Each structure stands twice: as structure tokens, then as C-alpha cells.
Ligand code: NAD
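Shown below, as C-alpha cells, is a lone chain in the form predicted alone; questions about how it binds or moves come after it.
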Amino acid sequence: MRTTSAYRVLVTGGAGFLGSHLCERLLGDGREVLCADNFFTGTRRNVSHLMADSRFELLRHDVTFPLYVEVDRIYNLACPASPVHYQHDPVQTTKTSVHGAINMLGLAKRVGARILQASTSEVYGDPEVHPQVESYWGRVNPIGIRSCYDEGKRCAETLFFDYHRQHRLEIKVARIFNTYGPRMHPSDGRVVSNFVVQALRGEDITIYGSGLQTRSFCYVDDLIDGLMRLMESPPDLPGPVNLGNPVEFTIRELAEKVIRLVGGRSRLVEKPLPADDPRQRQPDISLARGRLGWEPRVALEDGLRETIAYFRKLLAE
């Protein structure tokens, strides 16, 4: 394995929301970046500004098929992450998590690369422990409409730790909590993008349930910093490590903030809560603070302003 700062990094799902920001940061750190994406939810637009960099390469590839490349680090981010997208083809979603993990772990084993799995707070399901700590096993419905994503990610974690134990592979597992920012898909159904797009269009803002369910929102720049710190952390920290913002807000509070920042007159409209929608979501980030020296720094209102500016420009185009 190369030890220079110019080592080569594979980012699967690299043209997506998180992946494109990660590719940008890695290039800024002097890495060579191979971005692989099948463009189901990712877009070329997200990485078009990187194409002129000779250290950046874009490859159309689906991780459910093997990939044979020479790399030193692998960030496995490939998987639709919003309910609208992962429920569109739930069988393929499960395949992406499970077959994708098998293929990327196989690649890491062959070339001796360190590999990071982008897991999710959804592995905790509708939690009985609050805030959620990494030692909590979760409360997940294995046969519900969200199971393709929740259980797919749980199985991917299992595969990562079995490769770690059986093949001594260097792994990192990050459990990512709600993340938002520029380059989110405008129709991905996530709460931040939904609220911002509806407010900018002057539409009513849709709240599912009473709006009293809580989430913790982490700005994308903070999240990417956490992923990179975890990847380069000592080998004795395979994870899982929670990465998210521990400051908790109700969905109704988020909607009210968005309306105020946009300056519109959107009304709040309640609709029935989707099945298996978790009531609470808040990370305990003690491990990330202690071992990575990481915690979010961008306040929700500051991050929302950047996100609103991005969507305002996108909708104008």
C-alpha cells in the first residue's frame, strides 16, 4: 500500500449528495479520487466542477457487480438513502447494501485497502434507548417497508465485521445520522429538502404526524470531516462510530425555521405518519469526540441558509 499523501481513493456513490462533497474534500487533501456511481440518485452535475482535475476519475458502475481497480482506500457510500428512492425498488436496495458490501470487501481484501462503510442511524430503528449509543442493538422491523434499507445496512455491518475478524481486514463503520446541505436531491423526500423546496415554491409545508417527532441535523461539511477522521483513525477503532449532530429538534421546529429563513408564508399541513417512522433520533457522539476529536460545528440556521441558497439557485435554473 502506498503511504504518500497522493494515495488513490475509491468513493462508491461518489456522485451523490455525500459522495460528491467527499470527493471534493479528498482532492483538496491531495488524493487521487476514483468516483464510481450508477447515477440512480447521484448526478454528473454534482461532480462536474471536479472533472477538470487530473486526479479525478468518474466511472459509471453499479456496486452489485464486482469492480477490479487498484486503490488504497475505499469509502463505500453507494446506496439510495431516502425513503422515496430506496422504496422505489426495495429488492435492488437490499442488493446494493449486501452485494455491494461483499464486492467492495472483496476488492479491499484483494488489494489490501482500508475500507469504510457508510452505515446509518436507521440500524437503531424506532429506538427504546435515547440518545442512541453504538452499543445499542436497535429495534427494527425486519419485514416493513423500510426494512430493505434498515436491514440491508445492518447486514452490511455484519459482513464488514466478519471480514475484519476472519480476514483481518482494516475496516471502519460510520453510523450516519440525518445530514443535510447543498447537493441534496430536490425530490428525495427527506425532511430538510422537502421543507426548503416547498417553502421556496410558496407551497404548504407537509408534516407527517404531529411534527413532534425529533431529529438531529448535521451539516454536510461536518459529516465529511467526521468520515475522513474515522478513515484515518488508528486500526483499533473499526467502529461502529456515530456521526451526527447531538442537538435535537422537533420536525415542527425545523419547518418553522425554514419558513422564517425563506421569508415565505407557507402553512403547515399535517398528514398521516408513514409506517415504522422513528419517533426520536439523536446520536450519542461520545466515542467520536473522545477518539476522533470530532463534533459538529455548523449551527442549524447557518447550514439551512447555505442549503436554501443552493435550492434557490437550483429552482431558478
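Here the structure is a predicted model, which means the values were calculated and not measured. Each residue number is its position in the shown sequence, starting from 1.
In what follows, reference is made to the form predicted together with this ligand, a form of this protein that is not presented.
- Segments offered: 129-137, 158-166, 111-119, 229-237. Contacting this ligand in the predicted complex at heavy atom distances within 4.5 Å is 111-119.
- Though the partner is left out of this view, Leu18 does reach within 4.5 Å of this ligand in the predicted complex, counting heavy atoms only.
- With a 4.5 Å cutoff on heavy atoms, Val63 counts as touching this ligand in the predicted complex.
- Proximity of Val241 to this ligand in the predicted complex: non-hydrogen atoms within 4.5 Å are absent; the residue sits far from the partner.
- By the criterion of a heavy atom within 4.5 Å, Asn245 is excluded from the residues contacting this ligand in the predicted complex.
- Residues from 153-169 that approach this ligand in the predicted complex with a non-hydrogen atom within 4.5 Å are limited to Lys153.
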